[in-house]
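Have a look below at one chain only, the form predicted on its own, in structure tokens format.
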Amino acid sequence: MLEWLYKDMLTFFPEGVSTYSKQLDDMFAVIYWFSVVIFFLTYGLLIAFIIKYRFNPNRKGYHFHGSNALEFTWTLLPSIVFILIGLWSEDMWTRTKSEWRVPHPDVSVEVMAYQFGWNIRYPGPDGVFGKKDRSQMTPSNPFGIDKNDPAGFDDLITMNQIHLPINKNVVVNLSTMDVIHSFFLPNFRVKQDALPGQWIKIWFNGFKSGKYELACAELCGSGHYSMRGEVFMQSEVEYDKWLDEKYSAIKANLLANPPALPTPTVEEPAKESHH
């Protein structure tokens, strides 16, 4: 426990492995150390004044009107600091959160949170996501994949495990089946609430292979503790190999159990009426 007395918070961060994790950490470090300096400065002055102006029966009190210049100064300086930090953080916020700044995806996946786990959807071998129909959402069809859309027959769905290639722009389309969850990838500095009925885009680019934690950072119910998944960042060769194995199994299953396509309805031409 003694290490908490001399270590700062930054040493407890997990390793950052996304392209923007360092910029976020640098911004956090500046705000953190600025807060530390202000804390010791203000409390140092407070303790000094308590000691200097402690009770003394021989000291006479006097009325002091204050200083407008001093009041103006300690209002202006913090305002300038907060405005600069706000502008800096606004740029980082839009870069990482705003949909209009999401880069072109090299890999797209959909994530559907639920009590208590994560469903992950990849487009099938055709590279196209099947259409979604919310009225068709069930525990066995969490994404509401339209059963009448052939593009969705070969989509790949996994649970609590995401496989992704390194050095690629990954775009995650996030939603939830029930309550609010929070998609949290500590190593990638990604945290985004998932809202029922909405799809929210997240992006990141991981540059280091390995297994990383996927957690829910929102208290979502009695089983919240069990919402732990895994993210496997792999080389492009390893990722393609994993994907090919999954796609081969899907193709074999479709050949053995071909889905029934809806029968198209043909409208008969209206008969002409003769008068």
Partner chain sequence: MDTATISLHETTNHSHDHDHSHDHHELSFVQKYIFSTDHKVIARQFLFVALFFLLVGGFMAMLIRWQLAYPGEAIPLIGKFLPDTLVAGGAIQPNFYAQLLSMHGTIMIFLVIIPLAVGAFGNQCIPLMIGTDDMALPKLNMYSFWLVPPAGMLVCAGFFVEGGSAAAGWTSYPTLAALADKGQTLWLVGMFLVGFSSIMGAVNYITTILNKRAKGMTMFRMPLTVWALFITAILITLGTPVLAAAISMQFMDQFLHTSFFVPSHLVHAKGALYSGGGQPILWQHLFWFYSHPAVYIMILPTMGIVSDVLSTFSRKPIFGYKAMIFAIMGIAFLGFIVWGHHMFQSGMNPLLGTTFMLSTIVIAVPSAIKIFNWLGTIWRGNIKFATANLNALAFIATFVIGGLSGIFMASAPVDIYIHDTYFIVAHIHYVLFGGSLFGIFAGIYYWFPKMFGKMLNESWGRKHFYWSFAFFNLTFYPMHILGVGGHMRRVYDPYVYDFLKHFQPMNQFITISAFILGASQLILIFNILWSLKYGRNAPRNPWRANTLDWAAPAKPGHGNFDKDITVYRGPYEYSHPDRKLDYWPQWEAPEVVGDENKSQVSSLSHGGH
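Residue numbers count along the first chain shown, from 1. Since this is a predicted model, take the numbers as computed values, not measurements. Basically, rigid core = biggest C-alpha set you can superpose within 1.5 Å across the two forms.
What comes next is about the form predicted in complex with the partner chain, which is not displayed.
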{"query": "Listed residue that, although the partner chain is not shown, lies within 4.5 Å of it in the predicted bound form (heavy atoms), from Pro196, Pro105, Gly117, Pro125", "finding": "Pro196"}
{"query": "Close approach of Pro186 to the partner chain in the predicted bound form, 4.5 Å, heavy atom", "finding": "yes"}
{"query": "The partner chain contact in the predicted bound form: Met92, any heavy atom under 4.5 Å", "finding": "yes"}
{"query": "Interface membership of Met9, the partner chain in the predicted bound form, 4.5 Å heavy atom rule", "finding": "yes"}
{"query": "4.5 Å heavy atom contact, Val171 and the partner chain in the predicted bound form", "finding": "no"}
{"query": "Contacts with the partner chain in the predicted bound form - residues in 37-65 whose heavy atoms fall within 4.5 Å", "finding": "Ile38, Phe39, Thr42, Tyr43, Leu45, Leu46, Phe49, Ile50, Tyr53, Arg54, Phe55, Asn56, Arg59, Lys60, Gly61, Tyr62, His63, Phe64, His65"}
{"query": "Threshold 2 Å Cα movement between the shown form and the other one for Pro57, core superposed", "finding": "no"}
